[in-house]
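Just one chain follows, in the form predicted on its own, and it is written as structure tokens.
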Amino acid sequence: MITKIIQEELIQKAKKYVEKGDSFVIVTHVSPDGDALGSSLGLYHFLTAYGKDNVSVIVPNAFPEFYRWMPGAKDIVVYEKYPDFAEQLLHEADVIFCLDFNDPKRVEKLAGPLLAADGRKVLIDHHLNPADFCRVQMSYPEMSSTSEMIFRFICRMGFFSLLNKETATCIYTGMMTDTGSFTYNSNKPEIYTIISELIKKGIDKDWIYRQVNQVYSESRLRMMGYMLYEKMKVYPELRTALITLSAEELGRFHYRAGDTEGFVNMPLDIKDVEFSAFLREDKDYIKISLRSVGDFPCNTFASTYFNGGGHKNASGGEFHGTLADAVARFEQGLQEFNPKKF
């Protein structure tokens, strides 16, 4: 038995949109991760199984190569490559689902066309402090992932029978990746009830794990070794570790989107390290990834020092400035927001 967490009124409003809508667009955040893609493609396959012929998934920019195996991934519209087509889809959509982001700024250049679109907008997300930009807002930060919420949404509408293997595969991928393969934000029994139901739909969870975690390039492994040996700084008195990679260093190892996935988790394997940060130099800003174990609130640290947010043990943000300045900001935060206090 799965608890009815999402409010019934919200379920019924969104269900009417699903029943009456003819054209649907699903949008997720910039640099889409496994949960963004899993929830979006999971909903895409459900709507298709429901009989909707005009369903599109739009992402702001390219996603990692190791997610391209996912059912439906080849049909995703990348706004960065096809802006006119993506804007046309948004303009013509009856219903627009906004998944795995809490604010239009999280879709960057796609925000303007998204907000200008007249379609009925539905937010399904699990991040704190959602902005008020959708008619229906299902925001539940206590959920492990947006993919888990998609499962609950489908079931609560009464359409569990339409949840096919493709939908289940995508939902499981999102749940797995957004919990670090169920190593954080995953201590609630109902998560495993959901997994059991997904397995009954025919998914191969071991195969999914291999597709996501064991298909990296040689360059990625060499970059990992360099990162751990040369670029990891440990602050033992603060139970903290920091990793940084500059654009030049990324280029040296032929970086492709997704190659640094999971790097931020690695320092947590060190005894007594409870807080890990990874700062990666991007084209226009420094990308911040934060992970913790125990009670240290990554999301509070992210929002205080890096204009970010997320979950207690897994959060992120960004810094506009040099990598050196971002490190200085991080170290300032460590002194003011000492992990040893938690």
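For clarity, every value in this text was computed on a predicted model and none was experimentally measured. All residue numbers are counted from 1 along the displayed sequence.
Below: the form predicted together with guanosine-5'-monophosphate, not depicted.
- In the predicted bound form, every residue of the candidate spot (127, 287 and 310) has a heavy atom lying within 4.5 Å of guanosine-5'-monophosphate.
- For guanosine-5'-monophosphate in the predicted bound form, the listed stretch (269-277, 66-74, 50-58, 312-320) containing residues with heavy atoms inside 4.5 Å is 312-320.
- Residue-level contacts in the predicted bound form: of 106, 152, 239, 120, one residue has a heavy atom within 4.5 Å of guanosine-5'-monophosphate, and it is 106.
- Within this chain, residue 281 is remote from the site of guanosine-5'-monophosphate in the predicted bound form, having no heavy atom within 4.5 Å.
- Contacts between stretch 6-33 and guanosine-5'-monophosphate, counted in the predicted bound form as any heavy atom lying within 4.5 Å, involve 33 alone.
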